[in-house]
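Just one chain follows, in the form predicted on its own, and it is written as structure tokens.
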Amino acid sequence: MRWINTKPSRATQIALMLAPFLLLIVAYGVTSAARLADNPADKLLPALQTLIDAINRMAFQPDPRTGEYLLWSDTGASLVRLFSALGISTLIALFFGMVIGMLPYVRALLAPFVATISMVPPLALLPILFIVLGLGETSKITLIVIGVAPAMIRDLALKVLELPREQIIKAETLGGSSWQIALRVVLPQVLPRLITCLRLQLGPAWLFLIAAEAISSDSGLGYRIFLVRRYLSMDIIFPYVLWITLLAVITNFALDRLRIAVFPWSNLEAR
């Protein structure tokens, strides 16, 4: 029997999936207990109960100064920025990805430009954006769009170029115009890839959002993390990092379920 041909059962899959997370929690608990035994005032690795107390304080107790539940208000502010930027990036990527992939003249004009823009480190542009657009929401959303959209455009353009040429020829033979070919042949096959592109850009989008909120903001998950770091409040930082990760995982899962529900045939292609 070869290991490459063996597959775990459903129960074994779940156990294997949970094992790394459980080991990480156990390792943290053991290390934290050891550090606190040497120094009860240690803040680097708070006890698990301390983390739970911090979550309760941030999520379920109103702030004495503002009356807000800080975790939820920060989450709302960050998600509005993130989803606004991802929505704008999706529309830009869909349009330019299709026209660059379909039209040779547009490809010759814009493909090198988009490829060059995608190589610019977006965080290096952050001071410029703050100077030009101010410190408000526009600069934060623009940073995410600049960081995400060029990569999505290139990916979608490549997807269009990978479509079998025979499909285009058949559509032309049947009298389809360029507009009809775009809507009826190219678009249905590009949309599943668009959702996949969006999933792949969730990590970078969160990175750019946290960076922008850390530098100039009065709300948001990134703002809160960098606000409390000066007090070494690891009991708040760790839960916030875990919460950001959970939000990203949920968003990724939701997008994948959306792709399968709307384009079920795309799941067969991925296998």
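Position 1 is the first residue in the sequence shown; the rest follow in order. Being a predicted model, the structure only gives us computed values, none of them experimental.
What comes next is about the form predicted in complex with another copy of the chain, which does not appear here.
- Taking non-hydrogen atoms only, Gly76 never approaches another copy of the chain to within 4.5 angstroms in the predicted bound form.
- Of the heavy atoms in Ala248, some are within 4.5 Å of another copy of the chain in the predicted bound form.
- With a 4.5 Å cutoff on heavy atoms, Met102 counts as touching another copy of the chain in the predicted bound form.
- Among residues of the shown chain, Ile88 is not one whose heavy atoms approach another copy of the chain to within 4.5 Å in the predicted bound form.
- Contacts between stretch 92 to 122 and another copy of the chain, counted in the predicted bound form as any heavy atom lying within 4.5 Å, involve Met102, Leu103, Pro104, Tyr105, Ala108, Leu109, Pro112, Phe113, Thr116, Met119, Val120, Pro121, Pro122, listed in sequence order.
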